[in-house]
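Shown below, as structure tokens, is a lone chain in the form predicted alone; questions about how it binds or moves come after it.
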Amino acid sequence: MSGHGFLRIAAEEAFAPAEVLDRYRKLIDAGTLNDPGFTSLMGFYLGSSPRARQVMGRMTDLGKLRLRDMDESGIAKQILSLTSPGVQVFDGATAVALAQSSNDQLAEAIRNHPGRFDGLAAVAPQDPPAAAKELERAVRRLGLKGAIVNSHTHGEYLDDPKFWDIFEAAAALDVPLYLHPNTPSPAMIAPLLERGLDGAIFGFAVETGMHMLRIVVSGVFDRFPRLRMVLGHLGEALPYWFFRIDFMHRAMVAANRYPTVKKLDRKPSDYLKENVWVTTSGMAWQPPILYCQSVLGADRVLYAMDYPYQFVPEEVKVTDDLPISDSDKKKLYQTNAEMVFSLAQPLVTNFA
């Protein structure tokens, strides 16, 4: 245990079985997938550059290398999830099978390293009933703690009611859905890709923040008030827009400007404050962390590293040095994650 009395749980940490990466390579080589964001991003990470080799070497490791990295940066536990875009670039049958296989492998890694790993299930939104069924299997039989959805699936978004079986299952199981970035869909990527802004630099936040806002204004949380969701990267910029989002949504409803924009039971920001938690993944910077804690509350912000894409061990010190109380720091690192993800298993305690 740290001298401050907390354990560091990292809530957005990626892995990928070799079979999934091989499938990505085959998609790229075949040239049959109309998704320039996927081709650009995964084409790079499956390449031979030093950074690509370093990231992918860590991505497939669920043992010695990952545990060493965790020990060296003081991370007690990682909450693991299948790397973006997960299974969401495949056809439905392939996606369902790969989600099941990936979840089985993740559960095995958790069993092999009790106390060090927990995980979120991969699901295939291409087949919403199968996704709901797999989420139930993953939670009830494998012990996984929720699901991850890597934003759009072939350019479609979860606010479409055809996907709401997934929300219903998560709410019924009382587990969270982590809405993780994907590269922008083919319909929106062109001006971002043109200047190299399609990935983590900006495009991820644009695409995923928009997706979350679509979910809010579609009335998902009115239909499923107990649904919990998690956003990375300090909320994909949405906390900075609360005032304007609320003002403009109210104005659009009053003007009946869009047939798909209806009155909600609450303000959009209320759902983002009460049904959504955010993690610090990729945002090791004091000002926005403190801002999110002030706007959302200390109970709503969780620590994440974004391993292995952003494995910078010294960044942990940024969070350690936040000018907040030790009790709020414990919430950030440990107890918020334990609550959101229902982490009942006691953690190991031999970390500096």
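Position 1 is the first residue in the sequence shown; the rest follow in order. Just so we're clear, the structure is a prediction, and the values are computed from it rather than from any experiment.
In what follows, reference is made to the form predicted in complex with a small molecule, a form of this protein that is not presented.
- No residue in the set 78, 277 and 303 has a non-hydrogen atom no more than 4.5 Å from the small molecule in the predicted bound form.
- Of the residues given (237, 245, 200, 210), 200 alone sits with a heavy atom within 4.5 Å of the small molecule in the predicted bound form.
- Only one of the listed residues (45, 285, 311, 291) places a non-hydrogen atom within 4.5 angstroms of the small molecule in the predicted bound form, and that residue is 45.
- Segments offered: 187-195, 83-91, 163-171, 132-140. Contacting the small molecule in the predicted bound form at heavy atom distances within 4.5 Å is 83-91.
- Using a 4.5 angstroms threshold between heavy atoms, residue 51 counts as touching the small molecule in the predicted bound form.
- The small molecule is not shown here, and in the predicted bound form it never comes within 4.5 Å of any heavy atom of residue 70.
- At the 4.5 Å threshold, heavy atoms of residue 233 reach the small molecule in the predicted bound form.
- Using a 4.5 Å cutoff between non-hydrogen atoms, residue 41 counts as a contact of the small molecule in the predicted bound form.
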